[in-house]
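Next up, structure tokens for two forms of one chain, structure 1 and then structure 2.
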Structure 1
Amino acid sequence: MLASRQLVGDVSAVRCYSPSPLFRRKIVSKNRANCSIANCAYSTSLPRNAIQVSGVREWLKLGDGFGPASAFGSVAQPGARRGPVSHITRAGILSIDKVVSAEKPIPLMLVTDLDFTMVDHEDKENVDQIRFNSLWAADYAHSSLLVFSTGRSPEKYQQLRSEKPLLTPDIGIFSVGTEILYGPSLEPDVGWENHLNDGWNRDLVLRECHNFPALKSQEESEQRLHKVSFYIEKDLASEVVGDLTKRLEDLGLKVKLIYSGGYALDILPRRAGKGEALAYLLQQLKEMKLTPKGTLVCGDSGNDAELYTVEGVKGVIVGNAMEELLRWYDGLQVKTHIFMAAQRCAGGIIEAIEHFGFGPYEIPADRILELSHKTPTPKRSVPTRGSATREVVEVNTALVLWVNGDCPNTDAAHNRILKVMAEDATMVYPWGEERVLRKSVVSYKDKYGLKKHARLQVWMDCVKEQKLADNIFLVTWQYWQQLTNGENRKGYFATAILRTKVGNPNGLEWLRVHETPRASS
């Protein structure tokens, strides 16, 4: 529900907490330099079994343990797929057990890069990202897994959360596949950390790097337990990477060097990487007999190429993909598992969900608009798994459409909200006032188009559904609202109790809502 006294009565403005602004650093630009990768060798002669990305070589020697092949199979040459995963001892509860239940199947595991894949830094209003958020909250969050796979450190990820409408992933793969963190609290997978220790000596890597004056350390947040990061001028990179690689190999270290953007150099354990981390997660799910029915990987640049090589995945290359990834795709021998989207970023991800038939792809706002001209004849009159979360998302979406003036000003549009409220339903608002819910909704009718000029955005996060009795459902969620320019962001915790009512959309009616303001992002 929209937590604003302006919308439910003529009373003084509600005081809510906004997240503290974090230090903003421009880490992406409209015209990004091409990303290039050098893995273990950087030579002028390209080996037969190498992949060339954006003019720089990624040497993936197959079959003898050199490069990522020693961890989970191979990041193979064009056309090949990553092989089966070796067993890795997990570290108790600090593993995927934290975010999945052995009682529920997983229809979809969606694994996506962030910058210019999920997040479109050229879209100041985040239109497609908001649309993806509502689709995921309505139809997938209750049963599927969302995984962010990014080169960002956890700190830089939190910075992005303060700037863009990001959902909370079930799992985060951070720092170029060197860290796997679980849940909202970002608990580390100690088993993965131990796995990366093979052939890795951070102190020794740093000691050797100090012998190269051209390497300039990146900021402290980018220096991780299994990642050492530097800046280096482009014209010096080839010689430095080649010499440094040889010296590290001579010391018996098992490393990979990733040079990207024409200026950044990351040194990682050979077992690290986006693809290796995903293969590790899928192996854990397989051991739990919870292999997802479908896995969709999403990317835009050469750094994401490794994701598409993991065995059994489907992939989407978003419409704004960089030339380096497109050239890599053109060189593939087998590419039927990869979809080339027409839409940018999150819009392309939605396209891929439809293309591969993973599940619903119609955005809740589109469903609401379709029914706003007529009295709905519900297709789902009896609640099923996920009906309660879908109902909560659809009603909140209908409210936003109404106050923004984006739906017709008709009784049918307003009744999508009013008619699902039980006669005795109540709501406790964030400022501590309890009201009859139907009266509040009736008052909304006069607020049509109130935010037409200062438009409102809302996205729901961490949506969970629980069946309390045969006909009673509990839904909890968090949501954020802000103006389309990103200003005046406020967050809330919310709880709703619903019960079955045949004939209503989603077969449910609302009994009780309780909202509490949250202090930060």
Structure 2
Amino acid sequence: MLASRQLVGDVSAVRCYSPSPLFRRKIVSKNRANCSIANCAYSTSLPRNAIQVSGVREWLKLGDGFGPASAFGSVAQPGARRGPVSHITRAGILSIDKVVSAEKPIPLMLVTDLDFTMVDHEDKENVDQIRFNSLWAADYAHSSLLVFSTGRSPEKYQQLRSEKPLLTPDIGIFSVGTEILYGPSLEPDVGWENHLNDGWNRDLVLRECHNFPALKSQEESEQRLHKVSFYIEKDLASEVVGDLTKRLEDLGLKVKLIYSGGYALDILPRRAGKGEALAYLLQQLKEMKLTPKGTLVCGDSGNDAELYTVEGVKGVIVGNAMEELLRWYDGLQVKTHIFMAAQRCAGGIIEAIEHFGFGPYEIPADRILELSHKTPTPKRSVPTRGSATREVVEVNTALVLWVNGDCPNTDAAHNRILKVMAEDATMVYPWGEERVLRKSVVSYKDKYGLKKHARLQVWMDCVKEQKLADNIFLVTWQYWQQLTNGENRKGYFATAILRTKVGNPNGLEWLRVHETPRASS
């Protein structure tokens, strides 16, 4: 029985792993640098270690000796929106520690565009982005996945990180779905990039584009292996896109032209794009039995449209969306899975989390403010997964509200910080001094409103929680602070140990904190 499949990989280097029936169907490419796509037939009745590649007309003798660890196959159903399951991807996804430790399903995978979706370039104080960051740190970071999907190259993304309070995503999809990078160290998924070579010839694309004087080349950093980008005036765009698409297709190229933001034209391989890249990631997670309970995609412009077409996702179009995305939405027949937010950017994302009921949506600062008017009634709450991170975020938020003078100057507000510190708890400060926490917090009483005129802004990144024993929790995070105008940014690594204490806000008390400045901010 022959089944037609698509095979991804350099034919000369394809290996088939055979000893275990479980892995018999898995095919892996050894030579990553030189991968191409071929249609291949694969058969269960073939001799061991053999596959047939159409056009080659002979069975290829394939190497042996691949163990299961390297036998992650690259067989994709024809027509399905998925790419190869490369060992790179698997290692990449598994490098995300919350995935490795997922005893329970991943509650939410939030996939968001950056410019004018997560990041509001018109808000110098980044109010909603900071609010989103605190919600994410308090209630999602420990178990949910944050994915940034941007048109920017990794270089231009790094530049944005230095300007705006961006969290560190678990996965980054860059250059309009042509580059997938994992974890804080941005490990590239080479398997994905190889998958994009099908019908793609960059030089030919460039040569054709030279015939269109209306196309103005974008900067060098935005020209990528699988992305050629131009600026073009709005009223010329649709004609040029039509003509250019035809010329490229006549040359036998399989391309996709995407117009975004009313100014940018990207030419990509047909297999690329934000939607394709997300479908690929979801497929990898599914194969690892790690499908998130919910996926929310967020966008504002043309290159985000594809995100809403990925099977099973919910989507939000933020309140400030661009004309081209709104027009695309108007033409849709099925749109109940898409929410039109009233608010701009990150404000719209928070609205959507509430609208779809993905989980908590109350911002820690709002919760703290509510409580600062009254003494909370002790609850007999027992800490659960996430309680320790929430406690850490709430106390840090309460401190900022206090020094900025944004909460009422009440005992209830001050006690939210004081009463959760164990009697003998200590903190090592970034400048290398150890103090008893209760004493420090008492001295904070006088610092109410100290930063009223040069207001502090704080966000917590890479928040992780670990249960060390039945009643002991370790929380680690990166702490960032700056003035609301973005100046004086400083970063710290922080660690806290907390212990169960019935009656405290999150059922926890603080035992120890340690902060160390980052070498560079």
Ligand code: GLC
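Note that the rigid core is defined as the largest set of C-alphas that superpose within 1.5 Å between two forms. Please read all numbers here as calculations on a predicted model, not as lab measurements. Residue numbering: structure 1 sequence, from 1.
> Of the two forms I pasted, which one is the form predicted on its own: 1 or 2?
That would be structure 1, which is the form predicted on its own.
> Under a superposition restricted to the rigid core, does residue 428 display a Cα displacement of 2 angstroms or more between structures 1 and 2?
Where the cores coincide, residue 428 shows only a C-alpha shift between structures 1 and 2 that is less than 2 Å.
> Taking the rigid core as the superposition reference, indicate whether the CA of residue 240 shifts 2 angstroms or more between structures 1 and 2.
For residue 240, whose C-alpha is compared between structures 1 and 2 after core superposition, the shift is 2 Å or more.
> Align on the rigid core first; then say whether the Cα of residue 141 has moved by at least 2 Å between structures 1 and 2.
Where the cores coincide, residue 141 shows only a C-alpha shift between structures 1 and 2 that is less than 2 Å.
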